[in-house]
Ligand SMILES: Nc1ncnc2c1ncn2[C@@H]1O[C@H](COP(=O)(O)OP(=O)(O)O)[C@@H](O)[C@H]1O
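The chain below stands alone, shown as structure tokens; this is the form predicted on its own.
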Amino acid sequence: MTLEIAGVTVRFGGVTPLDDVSVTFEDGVGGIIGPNGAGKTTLFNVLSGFALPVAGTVTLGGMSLLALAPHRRAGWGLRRTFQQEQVIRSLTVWDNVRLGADHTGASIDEVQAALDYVGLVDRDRPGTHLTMLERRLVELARCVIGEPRLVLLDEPAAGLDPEESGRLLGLIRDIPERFGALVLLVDHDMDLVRAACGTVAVLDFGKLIAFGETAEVLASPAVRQAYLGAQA
């Protein structure tokens, strides 16, 4: 499954959070990094239908993603997490994940399989009693039900310690092979990005400044200066 983003531009009044961005992600896990305000979440919003570009195209497997109404993208196979977690504290683990089935057509068996995948055994625990990692796992479980095609993970490791991030890493890396979905990961945890992503795109002030194999991109002097705070 290949995701092709070509010439995507987004404008909000006099602000251009994405400026003629073109990048292609192949199968597996791809990363999108950059400083705060670089346009990463705006790009996710374009893919999921929350932001409408003034120019550009997006195709996944040769099909135009922008031609799909936002409410149809979940049923088609787009899944997403957000920087602000979406776990409903008053609902159980099971009901939180089952909510995703309502929008994707997933079966009850698929909901259980997703919980088994992320290792959430106590499906009757309410969201208010979950740790931060467990809440992230609930969100990840929602992303893998109902035959996902494109999974967008927006800072899933935020607030996790290294051991917890390591558990999340293993699950993220397994998604493409196990579920057949392309994964795009936005995160400020460079250890997670380096370990999870085969390729990475770097955004800065809405422009794509680098793209390629992860180790090469992260070693680039231009990327280090723009994002990692190092001198070129």
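Please read all numbers here as calculations on a predicted model, not as lab measurements. The first residue of the shown sequence is 1; numbering continues from there.
Beyond what is shown, the protein has a form predicted in complex with the ligand; the following relates to that form.
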Report summary line: Partner-free chain; cross-checking the ligand in the model of the complex, the single residue of Pro35, Gly56, Pro176, Gly198 with a heavy atom within 4.5 Å is Pro35
Report summary line: In this chain shown alone, the residue from Ser107, Thr131, Gln83, Ser90 with a heavy atom within 4.5 Å of the ligand in the model of the complex is Gln83
**Report entry** Interface stretch in the model of the complex with the ligand - options 41 to 49, 23 to 31, 162 to 170, 60 to 68, non-hydrogen atom within 4.5 Å
**Finding:** 41 to 49
Report task. Tell me, yes or no, whether Val15 is in contact with the ligand in the model of the complex, where a contact means a heavy atom of each within 4.5 Å. Result -> yes
